[in-house]
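Next up: a single chain in structure tokens, the form predicted on its own.
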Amino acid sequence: MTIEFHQVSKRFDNGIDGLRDVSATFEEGSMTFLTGHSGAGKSTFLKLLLCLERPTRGQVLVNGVNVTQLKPSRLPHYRRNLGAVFQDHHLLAHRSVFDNVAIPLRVVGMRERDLAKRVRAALSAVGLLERDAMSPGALSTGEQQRVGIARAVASRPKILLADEPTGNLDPGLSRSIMGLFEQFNQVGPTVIVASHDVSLIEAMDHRIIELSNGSILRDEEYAGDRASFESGVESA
């Protein structure tokens, strides 16, 4: 799905600007990293896409539809196209790993046979198929995050969003988690990942949008292109 932000601003009731006149286009099947300091506007950006917040001004278009004007009755249908991963993965401690991943599929009434196939495929993709009967509390932090990712992709969303998915992980696990997002991006969904880990995302070959105080500070298509350019300058 193509995503377009057209001069989007968001001012909260306390007078703080979450976003200021932001315009950006995300082509279908693309992968983009949002970065910036704490409070730069990354989470606000994602919440507008999830329709958890409404912009003060501007339009957010998804496949040409202005989602900021969707009626509440249409939001569940719209969100079926979205998968979301958060730093706090919100797993249900009293349910198994399998059941946690199955939650969004049961919400939409998927048949149990089809649901089981989807859940197993998602857990296999994140390397946790053999832990499906375990409780989340028995898993490591990194494994719990993988369960959250499996839950987000089990419905095969057309847009996959992640807000600081590696915030609590060490560098090795962080790179592994980012690699999972790359793998899922390769099979179709538009992926947007918010992360403050600049060194990690600049080592990956994807577009980077840096926000500062709610505005776009830089928008660079490929980190790898920049690195190659800088290397050429140094050797010249």
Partner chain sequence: MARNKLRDPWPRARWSASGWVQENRRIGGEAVAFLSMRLGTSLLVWLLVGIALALPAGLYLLQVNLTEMTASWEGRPGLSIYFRHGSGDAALALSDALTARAEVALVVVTSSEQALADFRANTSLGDTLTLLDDNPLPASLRATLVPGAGVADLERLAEFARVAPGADEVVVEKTWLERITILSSVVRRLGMILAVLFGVGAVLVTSTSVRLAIEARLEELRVLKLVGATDRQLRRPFLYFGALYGVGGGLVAAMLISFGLLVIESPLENLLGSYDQTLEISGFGGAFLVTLLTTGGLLGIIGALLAVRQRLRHLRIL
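Note that the structure is predicted; figures quoted are calculated from it, not measured. Positions refer to the first chain, counted from 1.
There is also a form predicted together with the partner chain; it is not shown, and the following applies to it.
Look at 66 to 74, 187 to 195, 27 to 35, 200 to 208: in the predicted complex, residues with non-hydrogen atoms within 4.5 angstroms of the partner chain sit in 66 to 74. Not displayed here, the partner chain is approached by M110 to within 4.5 Å at the level of heavy atoms in the predicted complex. In the predicted complex, at least one heavy atom of M1 sits within 4.5 Å of the partner chain. Residue contact with the partner chain in the predicted complex: L61 places a heavy atom within 4.5 Å of it. The closest heavy atom approach of P136 to the partner chain in the predicted complex falls outside 4.5 Å. With the partner omitted from this view, the residue of S124, T141, N81, S96 that lies near the partner chain in the predicted complex is N81 [heavy atom within 4.5 Å]. Here the marked residues E53, L92 and I103 all reach the partner chain in the predicted complex, each with a heavy atom within 4.5 angstroms.
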